[in-house]
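Just one chain follows, in the form predicted on its own, and it is written as structure tokens.
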Amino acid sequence: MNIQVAAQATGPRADTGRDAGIGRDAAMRRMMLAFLVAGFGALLVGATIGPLQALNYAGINAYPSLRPLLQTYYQGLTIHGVLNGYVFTFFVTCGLLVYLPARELGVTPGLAPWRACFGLMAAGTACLLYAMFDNSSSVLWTFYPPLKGSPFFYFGMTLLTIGSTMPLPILLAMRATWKRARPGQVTPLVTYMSLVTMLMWVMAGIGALAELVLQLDPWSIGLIAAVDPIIDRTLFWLTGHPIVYFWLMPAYISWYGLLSRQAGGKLVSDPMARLTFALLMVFALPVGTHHQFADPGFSQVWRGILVVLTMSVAMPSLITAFTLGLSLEYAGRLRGGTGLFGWFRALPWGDPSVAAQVLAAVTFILGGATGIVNGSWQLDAIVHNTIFVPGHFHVTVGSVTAMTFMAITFWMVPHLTGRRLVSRRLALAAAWLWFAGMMLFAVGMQWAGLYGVPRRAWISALPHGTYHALYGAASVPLALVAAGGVVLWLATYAFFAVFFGTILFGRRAAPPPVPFAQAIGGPADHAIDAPPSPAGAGPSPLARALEHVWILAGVTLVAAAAAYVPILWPFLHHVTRAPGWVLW
């Protein structure tokens, strides 16, 4: 793999080295911009369709007016879920988790494998778009069999998933280069968190890839006649809930690794950040089992054990809440904030990147609390398959991940293009509108879920009287859902006016640097050619212990096997076979 250290030579040969270094730097920026444009291009389409689902719950059926582009609610829901949940998040994450470590370490990544990663995901996305827009694959984002889509859908999903794992070897090679130059030192924080995220994702991806390669791909082209839906569902959730952490952990990287400096302070604890990521990796794989509380076929004892495993993932989220809160308070007090909440008001709310991330963190309080409801066996039985579940989902991925990724673009697009934001006010408006719209939408969905309003249901197609007889009691929360969807529409277009406007028309300016945060007591610069850390500034014993990422990966695999083997074992001994269904 072609990994190179940033050129620092002098003399006659230095010009060649500098030219090569400038060329590699420009190639890195172009590649990162390509990942951002591809990811946010997917979000533009997916987010445009999203509010149609909100109107559906208010009894407004917009789909007949959209033919022939969109035929059904289920087609629109599939496009919305796949583009936002997979394509948007995968492209942005696979760009960030290579680019940020490369900048932190001062090492150029292997551009060929990074381009191959982009190429595989782009090919997979093209297949998915074809399969969804020709209305052959309205199988929703979970693509549960026996619903059967076209081969383009499953092979597209396979290519997209394989491509999303390719940053791992690039990260390992960059880390090895840095460690050879700095033997005995622990991996810098952003690189460590990126590496742990990708290790978790590669292990989690085994479930979806096994489902696709062994079952759905050959089934879709007729090599096998039937599949076992419950086994495929189990394999899906081996990946399907860890994917939430594949969305959240890059947002956490920005909160831990960048936000403290953007807010004017420092990260209060480097070891706590590392511990959070280590715990997320270990707990992420077993936690997916809570999606099967309502499924038949495995024992009640295991369902109780799985509740404990699911609740365990709240621990790293609580560590994040306290560490991030203290870091922001430190920044606010450095900026003159006094009193109990004065530090919060003193944060730089005029910076759209900071404002969007802090607002995203606020919404996550609701997302984390409602996640505990979903993870409880008893409470899950009340909200299962109601719109409470997507309500929770939208205050995690729809706010924490999407808002933080938007926030990152507010400094990263100027950094990559050398162009100023076209409008900081419009960027701020996008952040606040997204926050307000998402809170209205999510609160409305969770409230309506308590009335039993079902998820994944085209209820606006019901006759007027039937709709009101079934869902009239939930009219107020369903009106909030629709209002939230309209506000989110406004936020979407405000954001994209800033995003594409800056790329195309922003005024030329010196590119801002990557705002890496400095941990209290830690070095200011981790680049491979930076001066060594001062005496007494060494890493903590906890940071050194967590440096053994392969041991953590082994523990994760053992925990995942302990959770899944007792579930899969009875299914493998009582196989059911189902042919494909096309219900749209």
Partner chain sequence: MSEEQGMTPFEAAFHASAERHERVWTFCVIVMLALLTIGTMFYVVRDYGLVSATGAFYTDPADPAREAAFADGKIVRTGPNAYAVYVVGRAWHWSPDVIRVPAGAEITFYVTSADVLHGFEIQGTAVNLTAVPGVVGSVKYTFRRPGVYHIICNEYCGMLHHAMVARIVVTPSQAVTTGTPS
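Since the model is a prediction, treat every value here as computed from it, not as a measurement. Residue numbers count along the first chain shown, from 1.
The same protein has a further form, the form predicted together with the partner chain, not shown here; the description that follows concerns it.
### Message
Suppose contact means a heavy atom within 4.5 Å; in the model of the complex, does that hold for all of 272, 378 and 539 with the partner chain?
### Response
Every residue of the spot touches the partner chain in the model of the complex.
**Asked** Does residue 241 reach the partner chain in the model of the complex if we count a contact as any heavy atom within 4.5 Å?
**Response** Outside the cut-off, so no.
*residue 457: heavy atom within 4.5 Å of the partner chain in the model of the complex?*
Result yes; residue 457 sits at the interface with the partner chain in the model of the complex.
task: Flag residue 153 as yes or no: does it have a non-hydrogen atom within 4.5 angstroms of any non-hydrogen atom of the partner chain in the model of the complex?
output: Residue 153 lies outside the contact set for the partner chain.
4.5 Å heavy atom contact, residue 41 and the partner chain in the model of the complex
The answer is no: residue 41 has no heavy atom within 4.5 Å of the partner chain.
In the model of the complex, the one of 206, 514, 436, 326 near the partner chain [non-hydrogen atom within 4.5 angstroms]: Residue within 4.5 Å of the partner: 326.
Query raised in the report: For the chain seen here without its partner, which of 395-403, 225-233, 475-483, 254-262 has a heavy atom within 4.5 Å of the partner chain in the model of the complex?
Result: Among the listed stretches, the partner-contacting one is 225-233.
task = Residue by residue through 276-306, tell me which have a non-hydrogen atom within 4.5 angstroms of the partner chain in the model of the complex.
result = Result: 294, 295, 296, 297, 300.
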